[in-house]
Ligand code: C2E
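What follows is one chain in structure tokens, specifically the form predicted alone.
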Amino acid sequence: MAEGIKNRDTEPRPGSPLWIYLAVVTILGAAVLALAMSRLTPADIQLLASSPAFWIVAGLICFGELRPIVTPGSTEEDGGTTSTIFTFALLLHVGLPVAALLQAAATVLAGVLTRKAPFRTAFNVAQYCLSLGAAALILRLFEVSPSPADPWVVDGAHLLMVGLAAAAYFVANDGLVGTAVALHEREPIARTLRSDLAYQALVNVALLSMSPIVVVIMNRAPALLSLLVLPLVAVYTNASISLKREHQAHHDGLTGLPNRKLLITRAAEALSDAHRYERRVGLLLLDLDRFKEVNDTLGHPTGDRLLQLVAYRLRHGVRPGDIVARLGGDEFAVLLPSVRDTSAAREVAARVRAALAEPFRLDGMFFHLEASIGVALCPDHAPDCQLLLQRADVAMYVAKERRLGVAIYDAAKDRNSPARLGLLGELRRAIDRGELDLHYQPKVSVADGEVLGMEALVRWHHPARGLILPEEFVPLAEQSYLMRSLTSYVVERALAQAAEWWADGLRVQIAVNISARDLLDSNLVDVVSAGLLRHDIPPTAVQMEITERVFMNEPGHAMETIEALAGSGIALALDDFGTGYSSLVRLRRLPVREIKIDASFVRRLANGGDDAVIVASIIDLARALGISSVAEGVESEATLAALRGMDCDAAQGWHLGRPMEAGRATAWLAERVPRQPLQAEDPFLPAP
């Protein structure tokens, strides 16, 4: 905090506690400076002016004041200044007047060049003068009062005295600045002083311990002062390299915003303070709506520049102290280290949406963007960082799904019980460790039993709980940040298996289930297309199954992804048909090639009645639209016979084949599917 309050943005309100404090400190500092300068005689000034050492030290003080040492974890505001080394050395060697005058001149020069507010510069001058004055008092107690005419030289016997003077300087400087910061931030003074006491003490010990060495050099070989430039340059260079590496590790390369890693670190720090001082912390998760259209239409370079403009508006649309981060793609987060309540958090979210509502002008075009924002607070909605992130994500999904713009986390809309929340963390590790496997269930022709494809069904082999079925963990993932990772994992494993079968001559299509959350992810098409290219298989090797229920809440966003998948040549099937709300008009417009009749109707088919009428009607409808019909849940020969009588195209169920792990599925296919030899034009053949 050596630079005081130089980065505080607004001038304090007259009459406020901060204004009074700054005024008192400035007046006292001015008095100390005036008193010190009154002791300088013309002879002293002449001696200084004729001393090369004085001018070298003066230059080093100005340079140090202009260039604070900023290291990872610090800012220019709390970074150390090398001017401290030489100012304290002047105090020891030629007394308070010269040290205070040079430090004041350097501070004013730095204030003018960096365009600091006058009140800040005045406070910084006063803080230094008072701190140097405190150190000078300690020296006077030991009857040390140097001057330009009678300089003092430090030796080994004076280390205790110098240490006490340095301690007085540090305590005064840190106390003055810390109090100002506490009053500005409206935080307890003691807590503010404790927050970075260890760091400030370490920096000041390192700097002040060099001052006696500078005094000896000034006395015995002033020309050697120029050699100090080299180690100082090395310090600045190393600090700059370390800062650059730290910035790259914790910031997004495109926008310069903090990344997920730094966001989690800052959130953990804010939550620690919140628990200690009974405050609330807020987290906003933000997703840009329909941003993929920009990348698809104008290309990724334009999309990247638009993201940079979005980042700029977000930084300037939040409160001072709030942290804006980019999580990836078009997802951003805003951490509110201190927030009054949900209403205040909603106000920040509304301000962010308003900042993005103004059209973006880029390359002569205007872009209109909207954002869906989820809000969660600690301790109201979550006690720790991971839960806060997860529940803000749930709220964002609700906001996007229901077109609310902003949604506060609501436990009634979150199906995650405490036990399932624990399962969420285990699922994350399971994905990383590869504990999830795919089983494959056959889809066969009702007419002749020909194998038409295999449906990939994810299974979780939990090390303690054994086999966990998807009904238990997929809905959990769908309401969390893990859905994208889970889908990418399943798609990758399914495409790898398809490539293996196709290369072995088993040309069967693998179907992968896609959730509603996946259809709101603009990266889904890129993930699938990249996987097909990586495994060198055609789009016909895979089919995506989408649930009919997705069209209840988000038909517009879902259609964008569906049309993109279909445009890529990937076959689409409408799963669980009959349980959702698809109209005939929407069904006719959907680029699907297959309808899968929900098992709840098929299982009761042999009993006749309404279920038989519904199934027959769906089959007739599919035939009229030129779409294949597939019956799920076929568990008996009687059901299969009934479907054959209705001219259903295909069927799935335990009667025809249970889900099998990859090895068994391969053997099962080898017995029933004729192998097709590789052709020269096959896309999966290795390059010659």
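Keep in mind the model is a prediction, meaning the values are calculated, not measured. Numbering starts at 1 and follows the sequence shown.
Beyond what is shown, the protein has a form predicted together with the ligand; the following relates to that form.
Only one of 37-45, 617-625, 59-67, 631-639 places residue heavy atoms within 4.5 angstroms of the ligand in the predicted complex, namely 631-639. In the predicted complex, Arg484 stays away from the ligand, with no heavy atom inside 4.5 Å.
Though the partner is left out of this view, Pro470 does reach within 4.5 Å of the ligand in the predicted complex, counting heavy atoms only. Within this chain, Ala376 is remote from the site of the ligand in the predicted complex, having no heavy atom within 4.5 Å. For the chain shown alone, Gly29 is not a contact residue for the ligand in the predicted complex, no non-hydrogen atom being within 4.5 angstroms. Each of Ile514, Trp654 and Pro659 comes within 4.5 Å of the ligand in the predicted complex, counting any heavy atom. Note on the partner interface in the predicted complex: the residue among Met559, Val474, Leu101, Val144 having a heavy atom within 4.5 angstroms of the ligand is Val474.
Residue in contact with the ligand in the predicted complex (any heavy atom within 4.5 Å), chosen from Leu356, Leu572, Val490, Leu263: Val490. Annotation for 449-474: interface residues with the ligand in the predicted complex are Glu455, Ala456, Leu457, Val458, Arg459, Leu469, Pro470, Glu471, Val474 [heavy atom within 4.5 Å].
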